[in-house]
Structure formats: C-alpha cells, structure tokens
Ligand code: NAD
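Heads up, the chain below is alone and in the form predicted alone; it's given as structure tokens.
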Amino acid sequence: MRIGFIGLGHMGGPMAANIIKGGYEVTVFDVHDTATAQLKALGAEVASSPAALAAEVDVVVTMLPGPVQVREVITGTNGVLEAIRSGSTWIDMSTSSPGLGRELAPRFAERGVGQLDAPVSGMAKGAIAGTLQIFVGGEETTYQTARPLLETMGDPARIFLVGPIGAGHTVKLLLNLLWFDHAVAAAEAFIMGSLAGIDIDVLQRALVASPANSHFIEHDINSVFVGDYDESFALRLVCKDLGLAVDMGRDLGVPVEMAALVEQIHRRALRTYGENGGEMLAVKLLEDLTKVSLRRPV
C-alpha cells in the first residue's frame, strides 16, 4: 500500500515520517520545498502536484491549515479529485469544517473512493512521538481498513470511530473549543488567586484535588508557569478553529455566547501578539492587563 501525504507542517511532517517508519511507501506534496526535502531524506517520493500524488497512491492523507486549503487541494486545479483512483481512500486529518467533508462526499463516492475525516489531538510533541489521539468519521469498513495506518501516527487506545463523515471534525472542534475555554477560565482563576496572595503551586494542588480539576489545570498550564505559551500551535490556527466552532453552533441553532466570547479574546491576543504567537497567549493577555506574571520561583 502506497500512502500519499499532503501538508508537511509542524504536525504533518512528523506524522508522515512516522508512516514511513511504519513500513509504508510514501509520496508527499507540500508547497514548501524545505518540507518535502526532509521527507525525501527519509525515503519518501515527492510529487509535483496533489493530482500527481493522487494518481499513484492507494490512500491520500491531507493535513492542512483549514477548510480553505483542503478545498483547494481537493477540488482546485491539479487537485486530488482530478486523478484519484477508484478503490483508493481519502483521509482528511486537518482540523476542518464538518460540512466540507459532507459536501465532498458525493464526489468521492461517484469515483468509487472511500473517505474518512480523522483530525488529531496531541500537539506537535504527540505528532513526533506517534501518540496522537485521532477522532474518525466515516464508514466502519473504511475505518477498519485504515486503522493500521492510523496506528502509525496515533495511540491505538485513543483512536476512535465517532460517527459518519463529518463526525470526526465535529468532535475535534468541540475538543478545541473546550480546551480554549479552559485556558481563559484558568487564567482568570490563577491571576485572581495570585492577587489574593495565594501561592501558585498551592492553588494548583488545591484545584487538582477538587471537583474543578481539568487536564488544563493539572498539566497544560504548567508551561505558562515557566514562560512558555506553546508556539507549536499558532494563534491564527486557534482563531480559525474557534471561528469554525462558532459557525457550527450557528448552523445547529445553538446560542454559543461563551464560545463567541472566548473566540474574541483569542482574536484580541492575535492582534496584540501576532498571528504566529503561541496558543496560550490569551493567558498572557490577562497577565499583561493585570500586571501579574504567573511564574514559579526559579
């Protein structure tokens, strides 16, 4: 089985490398030559376009910034749909729109092509280690066929079939929404505690032992305490994901006031620190406003 991988950024590059390490033959495409060069050095072939890649592989994997890029790679000039072969499979591992996958599904079906959406969680370190969590939307048979491939990139115990096409993207957007909700709420709690004179470590231990505990409070915020706002995931992508979540709420007729507010807080952080700033800079936004630095003593 030959795998085609399109999108070799912070996440896609390590994921494609792990597929190669898993014993698969791999062809790659990216708009940046430096990205493809790194994979070529590991043994991958390099395609001249998405169409050229799709014409020679059994599975096309896309790992792109968002739905705009996914649509262009799939339906644009020299796109995947121009050349993908009957009997092959498209797996979109981008954090994208649930609606886009469902919109494209009939076009893949008429070509005899299987389809999965399989966005991931676990940050760049998980992509490098091959321990990503993967949420899969699609048919059971297609999922089971693709699962050995997914296991080269993810933790087998945390790869889930969550529903039909679009369900994987839905779950990922909800996960990201809750995570960034937690980031804003945790920032407020820790800064108030600090201003009230409570030691950061003491407050964290108390919260971890309480019903208010979360993975963010117990683990993720620790990087902020040493001044690291996690540049492995850029604010422009945070805002894209939160915008997609708010759009999904609108489409479902759900009033998502908190989601909309959290999105705007992160858009303010983007305007303040730049689109390439780290994903936790919404915490720094409140630190700067209150002139409180959440730092452990060195």
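These numbers come from a predicted model, not from an experiment. Start at 1 and count along the sequence shown; that's the residue number.
Form predicted in complex with this ligand: not shown, discussed below.
- The listed set Lys40, Arg236, Arg271, Arg250 contains one residue whose heavy atoms approach this ligand in the model of the complex to within 4.5 Å, identified as Arg236.
- Scanning Thr89, Gln204, Thr170, Thr95 against this ligand in the model of the complex with a 4.5 Å heavy atom cut-off leaves one residue, Thr95.
- Heavy atoms within 4.5 Å of this ligand in the model of the complex are found in one stretch of 53-61, 257-265, 40-48, 22-30, which is 22-30.
- For the three marked residues, Gln69, Ala124 and Lys240, a heavy atom of each sits within 4.5 Å of this ligand in the model of the complex.
- Contact annotation: His10 falls within 4.5 Å of this ligand in the model of the complex, judged by heavy atom distances.
- Although the partner is absent from this view, Val73 contacts this ligand in the model of the complex, with a non-hydrogen atom inside 4.5 angstroms.
- By the criterion of a heavy atom within 4.5 Å, Val120 is counted among the residues contacting this ligand in the model of the complex.
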